[in-house]
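This document opens with one chain alone, in structure tokens, the form predicted on its own.
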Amino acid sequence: MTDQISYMDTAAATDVGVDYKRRSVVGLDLHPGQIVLDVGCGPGTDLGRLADAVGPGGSVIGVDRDPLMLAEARRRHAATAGVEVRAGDIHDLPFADASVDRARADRMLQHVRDPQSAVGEVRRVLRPGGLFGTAEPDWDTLAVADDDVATSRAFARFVAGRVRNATIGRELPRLCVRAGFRVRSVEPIPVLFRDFGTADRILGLRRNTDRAVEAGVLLDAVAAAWLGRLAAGPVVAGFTVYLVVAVAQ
């Protein structure tokens, strides 16, 4: 789990991570005194930023189902005024109907059992006129530049195939409308890596190539040559993240 927290921290600290998180918070149009729900808050990466926006009269509640994530979020924000961390599942949120002003879910709907049910549950706890902001990758857009296009495509398909809801990014507007939201904005954010080290840490170039070889998707010698060229550079690799802001009707 320490590795997972480290990965999340690393991704959040990249230039594109800092930028899309800033945009996602701006899109929530936060005001002092509001109650904000961060569903799937992980180690509490964004709780402080949200608390700053709603001020001492507001409240930020981070929810996660993983005990280790909850423990880390509580540790990081033990002294942060207005921040509370609760155990909960997005399919069954521990809140009354129409009880929060804003809600967000950052890169977690890609992993859930039933995305439509999850978005519907967020709609249930939001007050009419409340905003839901979500950011999700579309792993079907993953591309890695190399002369061996077939291997790059096979790698991308393999990575996308390991994600439960690989195309969730493009599906967000439809899910929101079906749940009773009006979509306010849809913004595609290109995530681009130009150095091998960062691409390897975020996309798992080495580890996912090893997995693809073990699964028989890639031949060992071909995969090794592909990785060698990428490591030598230049690197162009990336995918698209969708930022969506929706209004509870």
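Numbers follow the displayed sequence, beginning with 1. Just so it is clear, the model here is predicted, and its values are computed rather than measured.
Keep in mind that the form predicted together with a small molecule is not shown, yet the notes after this line are about it.
- Only one listed stretch (25-33, 59-67, 192-200, 216-224) carries heavy atoms within 4.5 Å of the small molecule in the predicted bound form, and that stretch is 59-67.
- The putative spot formed by 42, 45 and 88 is fully lined by the small molecule in the predicted bound form; each residue has a non-hydrogen atom within 4.5 angstroms of it.
- Here is the short version: of 166, 125, 112, 156, the single residue with a heavy atom within 4.5 Å of the small molecule in the predicted bound form is 112.
- The partner is absent here, but in the predicted bound form a heavy atom of 108, alone among 131, 108, 144, 100, sits within 4.5 Å of the small molecule.
- Residue contact check for residue 245: none of its heavy atoms lie within 4.5 Å of the small molecule in the predicted bound form.
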